[in-house]
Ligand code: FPP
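First comes one chain, alone, set out as structure tokens in the form predicted alone.
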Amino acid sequence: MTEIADHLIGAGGKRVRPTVTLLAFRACGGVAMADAVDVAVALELIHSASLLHDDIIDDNDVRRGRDSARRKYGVAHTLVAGDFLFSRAFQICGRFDAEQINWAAEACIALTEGEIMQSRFRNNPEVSLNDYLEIIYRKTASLFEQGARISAALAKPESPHMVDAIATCARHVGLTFQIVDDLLDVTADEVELGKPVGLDVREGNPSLPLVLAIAEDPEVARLFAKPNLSEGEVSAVLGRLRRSSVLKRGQRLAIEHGELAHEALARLPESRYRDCLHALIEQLLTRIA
């Protein structure tokens, strides 16, 4: 199990979730880092566990530029390794207050609900923008939000409003992060992305460009509803997405959530950690500039 976990974690990744968690702790006045580091580690283990399970659900062969654990070790071992990482995460968090453990559990519940929602709308052209936003809140942003909330509470800030402010900021950072990732699945190259471009098109996942295009392009809607697209059909969908207005609209939506994250962050006192969070938000948006 350790070998499987190391295979995924050792492949790298952006580590945005733990970064936000640690910066949230310091931005809210936290000093002793041990608790915040444990929260950040637990958060990354939960995220890694979800990736192991995602690769089983989606039959992914590649993850972070190398063979996925599912391909290298098989479904059964990868499934158990994911369960192992979830359990280790809660073992690390076990010494925290009941309320903080409950926040972590809520994020895990939201994550699994988001996976079921995404599955329900896979290859389903009835998916709406509101459905999409609900999916990415549950699958991605909830982990950002609750990680920041827990670490902020551990910092024991002067005002309880700071905990809500940083949690709101982290939620919008998470939404921005996922929207940007969806756009890059259409616009980036495979080396930059660390996985095949157009993966959402191939798998029928309701990513933002597809959700927006389905509403206005009957051909994209037709192909989205069709499982097992040929490479020619995948290329055709990607071409239609790149020629349409959906990428610009998606970019504007990412900017909107980035601005909401900045606004929530402005409710915290000035510090270099707050400045780092502002810079991180801009760095995410720069990826699609």
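Predicted model only: the values in this text are computed from it and were never measured. Residue positions are given as counts along the sequence shown, with the first one as 1.
One more form of this protein, predicted in complex with the ligand, exists but is not displayed; see below.
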According to a 4.5 angstroms non-hydrogen atom cut-off, is T140 in contact with the ligand in the model of the complex? yes
Do E190 and the ligand come within 4.5 Å of each other in the model of the complex, heavy atoms counted? no
With heavy atoms only and a cut-off of 4.5 Å, decide whether Q178 touches the ligand in the model of the complex. yes
Would D58 show up as a contact with the ligand in the model of the complex if we use heavy atoms at 4.5 Å? yes
Under a 4.5 angstroms heavy atom criterion, identify the one residue in L51, L260, L229, L247 near the ligand in the model of the complex. L51
May I ask you to choose, among N102, S128, T112, S119, the residue with a heavy atom within 4.5 Å of the ligand in the model of the complex? T112
Tell me, please, which stretch of 161-169, 103-111, 215-223, 148-156 lies within 4.5 angstroms of the ligand in the model of the complex when heavy atoms are compared? 103-111
So which bits of 265-283 sit within 4.5 Å of the ligand in the model of the complex, heavy atoms only? none
